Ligand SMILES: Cc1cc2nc3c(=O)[nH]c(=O)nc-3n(C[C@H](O)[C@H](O)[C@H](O)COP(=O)(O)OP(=O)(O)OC[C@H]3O[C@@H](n4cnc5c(N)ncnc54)[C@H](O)[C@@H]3O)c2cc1C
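First, one chain by itself in structure tokens, the form predicted on its own.
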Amino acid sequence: MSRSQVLVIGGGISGCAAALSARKAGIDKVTLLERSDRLTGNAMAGGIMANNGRFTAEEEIKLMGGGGDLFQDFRACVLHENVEFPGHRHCYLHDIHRIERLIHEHLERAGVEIRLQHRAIDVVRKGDRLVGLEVEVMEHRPDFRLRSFEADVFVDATGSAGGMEVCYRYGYGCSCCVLKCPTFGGRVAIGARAGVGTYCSSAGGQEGVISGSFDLQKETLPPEYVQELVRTGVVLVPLPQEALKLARKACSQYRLDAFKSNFVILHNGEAKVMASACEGLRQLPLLRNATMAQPLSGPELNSVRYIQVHFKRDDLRAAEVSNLFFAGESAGLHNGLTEAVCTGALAGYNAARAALGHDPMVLPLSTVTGHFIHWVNQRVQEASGRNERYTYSGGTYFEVMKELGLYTTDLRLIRQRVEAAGLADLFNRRWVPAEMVTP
């Protein structure tokens, strides 16, 4: 009997979660393609975990057996525990400089075949199925050679970002720092190549949404700020009246008064400023020596995202292609590392089930991730719902979590919910080919 194969395109956090999940579910050959020279994507500019509803989602998905290995990696490089900053509680901050190597080694130990500097550029489709990908392999910069990859099931975890032309056209700034588009070639949305319907988010009538934060090199801040950051994980820098425009926000979860009148800075190995705009930053006397770490474009705005997002079913499968699943930002207007782990774990699990001849599953609405996927799918059916980003940690969806009683920090209640749904250890169940199952 030939081995089933799952191919994951995109080595960000959702792609890593999907690859691990597919391996645990019983797929012998899982290949992960990443166009740059390292994994984890936007996690290299992240750092915040378990704030608000993300705590509930993390604990819930771990009890289901999904994503716990990645969350373990995040916790292995924690800098601060039980941090609070305006509007956000009980979070932990991890070191963005350590996380990539931990996760890379984790995937290797799990038996995932990692192919770096492999950029998927097109698909081979027969009927309602994909049968292969055309991939550019970087041999010697800047030369590429073409290769073909085949698989039974595919997971598109390519994200939603725009390329340099979008950054330039709309004046949102540079996406190169995290996504490395000039070096390794631009992102290609595999779902779109396969004929899956897409949509984009917008801000002020323009395509795309900018990221909600940027990083400063913490050593370039005043010594007293550095000391406070390293000690507590949080510093609030009051803004004078003439500088209040500096704290312009992109994420609805940060549209609070404290963020309007302060630079809220978190310690993630660098100094993560929770604002999307930084023009005039060095005009502030206390920050006159501040140097950007992300984005490298300096005083412009941060990376452009949500240019191309795919419509999908609640099991994360494309309606138009029976063996293609989506994870992370490719799957919806999902914002955050926890959201990426949760959707990635389900996409990889369902990809494995499909590869082995079983129907994909939809998580029940009694679970955070099941409700989140369904709710966002419903919202984006209307154009007005495509102008927001959705996260467990704030904004519209966190309010829904609280209204429905989905948000809790009580581990006993979270366990009861998972067990009542019959989902305990779900993602650790290994599947065999359907033809081997005795009726």
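Note that the structure is predicted; figures quoted are calculated from it, not measured. Numbering starts at 1 and follows the sequence shown.
Although not depicted, the form predicted in complex with the ligand is the subject of the following passage.
- 48 is the sole member of 48, 414, 401, 376 with a non-hydrogen atom within 4.5 Å of the ligand in the predicted complex.
- With respect to the ligand in the predicted complex, the three residues 153, 312 and 360 uniformly fall beyond 4.5 angstroms at the level of their nearest heavy atom.
- Heavy atoms within 4.5 Å of the ligand in the predicted complex are found in exactly one of 101-109, 334-342, 124-132, 347-355, that being 334-342.
- Put simply, residue 270 is far from the ligand in the predicted complex: not one heavy atom of it is within 4.5 Å.
- Contact check for residue 191: every heavy atom lies farther than 4.5 Å from the ligand in the predicted complex.
- Among residues of the shown chain, residue 67 is not one whose heavy atoms approach the ligand to within 4.5 Å in the predicted complex.
- The closest heavy atom approach of residue 324 to the ligand in the predicted complex falls outside 4.5 Å.
- In the predicted complex, the residues of 86-120 lying within 4.5 Å of the ligand by at least one heavy atom are, in order, 118, 119, 120.
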